[in-house]
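Read the single chain below, which is given as structure tokens and is the form predicted on its own.
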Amino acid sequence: MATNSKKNFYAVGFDLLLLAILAGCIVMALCSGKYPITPKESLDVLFGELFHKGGSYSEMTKNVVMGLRIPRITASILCGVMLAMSGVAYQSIFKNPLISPDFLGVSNGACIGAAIAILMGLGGIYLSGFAFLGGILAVSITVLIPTILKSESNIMLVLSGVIVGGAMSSILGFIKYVADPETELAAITYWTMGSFSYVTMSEIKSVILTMVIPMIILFGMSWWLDILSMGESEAKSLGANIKLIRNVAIACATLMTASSVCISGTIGWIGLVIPHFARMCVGPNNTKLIPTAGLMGGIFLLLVDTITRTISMAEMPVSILTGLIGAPFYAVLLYRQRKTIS
């Protein structure tokens, strides 16, 4: 009992430390960029505009902080949190450390939705809406295949995701083939590589409910995810409705992933790597793991986005840097955990 209390105290303390790090990263991100701003100026603008007090800052400083940096900081944190939490949920449900949030085809479906919007000349919130619907449609098809085949096997669902993901990739390839290479193709390619360059608060507000509500539900059922990870026979003996828990968790994780992808484009590795790193810090208990992974994901993606917009004159797509960091880091994790995985 004392050991459990000590572990809970450690997990809470670790999360508070992560919150402090996140706050520091937010201030750093507010100050960083082509238009440098001091920490005092950025905080003056932030609190002055939030509480309608005004201040001695210039109009340019206000526009940079509130119009450009606050939306992308908010978006990068939210997307990092959602992708990392979704990764924890998927890996727990399927008991597979190689599962990532987009394995059911949500990212490929969202890419097709966004590509269609670009071909139609739509942008902003309409592009996000098309991407969200495309992601949900792809996952719906993935889930429908095992239903048609009258199979409830996790393996069948994974294979369905592979089939749908492959089909969606081919469709996206065809859309790129017919797109105007001077304008539409470049926009589609850039979107599929992930970026927060053009994100607005209206886009964030349009998906905030499909992020926050599933996140709360997923955290509330974290104990049941622990039960499910014990195996079907033990879960049933403890009164768990395996099908209901799995479907609700998949629905929540999918909504969170689709909401993230529709405002940021495709960003890889976060939902795959961050859950492993969080598991090393607080253990496999989902009640502790889900919030810790979320905070780590938010910090990681905020840092990556800040680096991509300051490292050179031309902004680098986010997925390039997440891949450069994520791939070798994941290789190190696999090496350290090779005995437990085998």
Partner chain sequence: MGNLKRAAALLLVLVICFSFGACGKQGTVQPDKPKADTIVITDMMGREVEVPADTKNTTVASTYGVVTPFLSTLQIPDRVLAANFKNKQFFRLCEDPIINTGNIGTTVNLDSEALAATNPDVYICKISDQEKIDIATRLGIPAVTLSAEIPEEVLKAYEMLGKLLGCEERAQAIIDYLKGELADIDDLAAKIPEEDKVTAICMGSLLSRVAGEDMLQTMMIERVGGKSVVKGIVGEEERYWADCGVEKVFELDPDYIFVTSSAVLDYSMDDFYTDSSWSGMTAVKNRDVYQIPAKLDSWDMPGPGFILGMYYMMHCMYPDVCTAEMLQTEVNDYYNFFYGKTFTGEEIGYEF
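Bear in mind the structure is a predicted one, so any value in this text is a computation, not a measurement. Numbering follows the first chain given and starts at 1.
One more form of this protein should be noted, the form predicted in complex with the partner chain, which is absent from this view; the next part is about it.
Not one of Phe103, Asn154 and Leu157 is positioned with any heavy atom within 4.5 Å of the partner chain in the predicted complex. In the predicted complex, the partner chain sits beyond 4.5 Å of every heavy atom of Asp44.
Interface residue remark: Gly24 is counted as part of the site for the partner chain in the predicted complex, having a heavy atom within 4.5 Å.
Under a 4.5 angstroms non-hydrogen atom cutoff, the partner chain in the predicted complex has Leu17 among its neighbouring residues. In the predicted complex, the partner chain lies within 4.5 Å of some heavy atom of Val199. Heavy atoms within 4.5 Å of the partner chain in the predicted complex map, among the stretches 108-116, 137-145, 161-169, 182-190, onto 182-190 alone. Residues are counted as partner-facing when one of their heavy atoms sits within 4.5 Å of the partner chain in the predicted complex; in 69-85 these are Arg69, Pro71, in sequence order.
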